[in-house]
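What follows is one chain in structure tokens, specifically the form predicted alone.
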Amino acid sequence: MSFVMGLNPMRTTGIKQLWRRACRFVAAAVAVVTISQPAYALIELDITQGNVEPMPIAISPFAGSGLQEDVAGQISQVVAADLQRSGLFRPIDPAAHIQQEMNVGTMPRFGDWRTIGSQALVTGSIAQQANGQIRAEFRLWDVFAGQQLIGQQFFTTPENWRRLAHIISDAIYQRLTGEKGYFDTRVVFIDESGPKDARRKRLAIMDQDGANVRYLTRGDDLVLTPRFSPVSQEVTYMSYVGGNPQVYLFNIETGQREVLGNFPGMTFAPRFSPDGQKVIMSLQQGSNANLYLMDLRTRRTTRLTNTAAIDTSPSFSPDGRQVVFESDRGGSQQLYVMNSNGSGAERISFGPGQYSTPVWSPRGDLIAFTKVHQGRFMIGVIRPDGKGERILTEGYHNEGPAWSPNGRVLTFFRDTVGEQGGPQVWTVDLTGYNEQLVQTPNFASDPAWSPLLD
């Protein structure tokens, strides 16, 4: 799969260079045009608590002709849906647009867009190339200032149109907020089908919005707790083959699978270190469980904790210097932070209830957790020093938070009540107000977010 952004007729650049060039060039079919852009973001992000008023934004239906007309409309719809799901933007109904059928090369009548309350405008077009590829071009406009913020052009194959839409959404999100987006990502999860007492569980993957679901295992063996590498398209997961727990390393791109080891006492699948070269895990021995670190190259394992308690669910800080984990060493399940060599463990959670499944934010500023108190299941966040605890959402069996790669959104799963009920994947942002169901073909649990795709 490849996307390229055209800067002139003789040169193309890979998608890895997109972010470096996005704020310096506007893509044009026959020439390079540099643009002057203000250094500020149009949305000031201080997402801690309270409701964020979404920015009104107009997504003009992308222009297309012939075979690409339907693709053009679908791309603009996905872009609008991405931005709306973030909770930071409110796409204006295209029926309210005064200026209709805009081409990407058309100068907007900014007064028309101000009249309907739009603060930003996106225009675009899709065209078929002689080699079978499609060329997609879009521009983002500041309606009040009456100027273009960014313009980019891409070439890809027609079947990649949905991913192209997510890349455009990320570029818009980054320019308007000053932070990287999270739309061109995938979520690995456990697909659950069949009766409640005999669920078939398969490892599956989907786009972050629930599209393009595909299955990575057949469901012959029970699979649990997938975890994404923060730097590659690799996951670890547990599988009970013949009743014996094994941990697998699976490459999403190649389909290659290898056994990391047989761990009869494992309590959770390993999580990767920030560089993707190691995994940290909890192994049970008798009535206690301790934390271990495995080097993926040498398969050498190092013990990190040695207590009579149950230490489990470890997660690295993004700089790799610390680890958060849950432990009952104080008498109940609580959160602890220690140095990555196992020294200096300190308790950080002191609220009522039990804390579990901590996950460190990619930004390093927060730790997400599951909390159970008086029969209520909650997803919350806390600072690494134990201050600022906030509950974002609660519901029937909320569990297993996982961060988006930009640290602004959490995915988790929640059970529905009743004999016919089962788990579903949800997302919630850091305000706690923007909660979204992710539609999946069957019940779904244990979601884990990928890094941004290359």
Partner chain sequence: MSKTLFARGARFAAVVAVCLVAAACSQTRPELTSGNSSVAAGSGQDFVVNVGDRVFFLNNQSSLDGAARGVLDKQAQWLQHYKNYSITIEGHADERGTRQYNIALGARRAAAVREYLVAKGISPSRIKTISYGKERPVAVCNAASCWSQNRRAVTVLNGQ
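For clarity, every value in this text was computed on a predicted model and none was experimentally measured. Residue numbers count along the first chain shown, from 1.
Below, we turn to the form predicted in complex with the partner chain, even though it does not appear here.
In the predicted bound form, segment of 309-317, 360-368, 148-156, 101-109 with a heavy atom within 4.5 Å of the partner chain: Only one stretch qualifies here: 309-317.
Whether T185, Q208 and T254 all lie within 4.5 angstroms of the partner chain in the predicted bound form by heavy atom: The answer is no; none of T185, Q208 and T254 reaches the partner chain.
Partner-contacting position among T236, S86, S356, T217 - heavy atom within 4.5 Å of the partner chain in the predicted bound form: Looking at T236, S86, S356, T217 one by one, just S356 meets the 4.5 Å heavy-atom criterion.
The unique member of R135, K201, H97, R163 whose heavy atoms fall within 4.5 Å of the partner chain in the predicted bound form: Flagged contact: K201.
Residue contact check: G344 to the partner chain in the predicted bound form, 4.5 Å heavy atom: No - in the predicted bound form, heavy atoms of G344 and the partner chain never come within 4.5 Å of each other.
Proximity of D429 to the partner chain in the predicted bound form, heavy atoms at 4.5 Å: No.
Contact of P245 with the partner chain in the predicted bound form (heavy atom, 4.5 Å): Yes, P245 lies within 4.5 Å of the partner chain in the predicted bound form.
Contact label in the predicted bound form: E53 to the partner chain, heavy atom within 4.5 Å: So E53 does not count as contacting the partner chain.
Interface residues of 375-393 toward the partner chain, as seen in the predicted bound form [heavy atoms, 4.5 Å]: Read in sequence order, the residues that approach the partner chain (within 4.5 Å, in the predicted bound form) are G375, F377.
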